[in-house]
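Consider the single chain below, provided in structure tokens and representing the form predicted alone.
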């Protein structure tokens, strides 16, 4: 079948200003047929290479329009989880013995299948997560590059095996990384492909088998992903999928024959998984990225137009539902008024609406709980003072807005430094603006957060850039980026490592040290005969 996207511009997180008119025309042409195949079906688990429909069924509603029935998902009980883990355990021996370079070849076939299906996959992400068209396509392209980059790393290292120095008496030493066995992969809704694929590909390339538990808000995407892995020809049981809620995730993570857990989600849940693993007879690896309270800094030397664009895009893209979203911006007092004027102008051009339509920048939030958090946050800001809420602050109404939960991009200003909105990850389109006189003090205030994922700065003064690089406590740093103050990492170009409470291992995804974390070191010494 001819690739409908062949010859059209490739979407990344850094090229949002490109001309995508031909791409949108192509999407318009193919959207009806693709969406018709996705909507209304009964999704299934994937266990040992076969569909499994066991479990009570729950209706899947689209956040775009609650009346749009996307189908149903089965809720896996502990018995279903056990079957999936046992299937992975049976397959683990053969997959472990598969040469590393052959595993890379198998994952490259997965990347090829993703490429062939990227328009279908993007439509699934739009329908069930509410991503914009470009955000969804960009995520699929990132997923393809994730696999390719991790395969490159494995191939370049020769499978992470090396000969060590000769020992006393002529002994030969050899060092290698070996798989653990079976990894539970627990993925969130906001990047249903990139995060599920990134964690799964790391585990698989490391020689482990996988049981993936997606968010119940991202089951269409997970089912499409399972089809991709099946089409790529991975042996049965190497990749398994179980659908369900938090109870399903807990049953999977705590299963005695799961050898490690990869998780992306909240700090609270990630730390509970770590404590659970530490309480066992021996420590199992827990690889987790746990969100952020990400700050940008706009200094007196900044290009304010670039800063306003970058801050707005990072704060309000996907309606703030990214672990890397810009949640706080510290602005030098001398440029505060000018920055707010430019930020207001940029925000006016970011269309909130139905993400199935081409002009939409951001769509709805994922569910009613997000809407309730927004209402509570806005009320909290209002109680802090009448001038605190400077932009937005309301739910949007009328037309499509009445069918889902659509929130106005919101800016609050001058809240006390220790106010809850300045310290807690919100996952909402809400930006807190703080004013500073000394950059060092602003960085110090940001560093008081227990989280340390991403941070950005806008400055043309090299001393300010150097101070930021030296003092900020975050794993992913950006400077003078119009496409996103704190968002937009790409495989092989940026790593994505959370410091402090934002991560557990000190090494992040998208980079050169990720796949090795799914393996454990073993040395072999052979004495001369």
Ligand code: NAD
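Numbering follows the first chain given and starts at 1. What you are looking at is a predicted structure, and each value in this text was computed from that prediction instead of being measured.
As for the form predicted together with the named molecule, it is not shown, yet the points below apply to it.
message: Does any part of residue 150 reach within 4.5 Å of the named molecule in the model of the complex? Heavy atoms only, please.
response: No, residue 150 stays farther than 4.5 Å from the named molecule in the model of the complex.
task: Report whether the minimum heavy atom distance between residue 189 and the named molecule in the model of the complex is within 4.5 Å.
output: Yes, residue 189 is a contact residue.
message: Given that the named molecule is not shown alongside this chain, does residue 316 nevertheless sit within 4.5 Å of it in the model of the complex, heavy atom to heavy atom?
response: Flag for residue 316 set to no.
field: Partner contact for residue 130 in the model of the complex: the named molecule, 4.5 angstroms, heavy atom
entry: Although the named molecule is absent here, residue 130 would stay clear of it in the model of the complex, with no heavy atoms inside 4.5 Å.
Segment that reaches the named molecule in the model of the complex - one of 152-160, 304-312, 285-293, 380-388, heavy atoms within 4.5 Å: Heavy-atom contact with the partner occurs in 285-293.
field: Among the candidates 453, 241, 85, 146, the residue which, in the model of the complex, approaches the named molecule to within 4.5 Å (heavy atoms)
entry: Selected residue: 453.
query: in the model of the complex, which of the listed residues (95, 297, 229, 427) lies with a heavy atom within 4.5 Å of the named molecule?
result: By the 4.5 Å criterion, the partner-contacting residue is 427.
query: Can all three of 35, 38 and 223 be found with a heavy atom no more than 4.5 Å from the named molecule in the model of the complex?
result: Judged in the model of the complex, none of 35, 38 and 223 sits within 4.5 Å of the named molecule.
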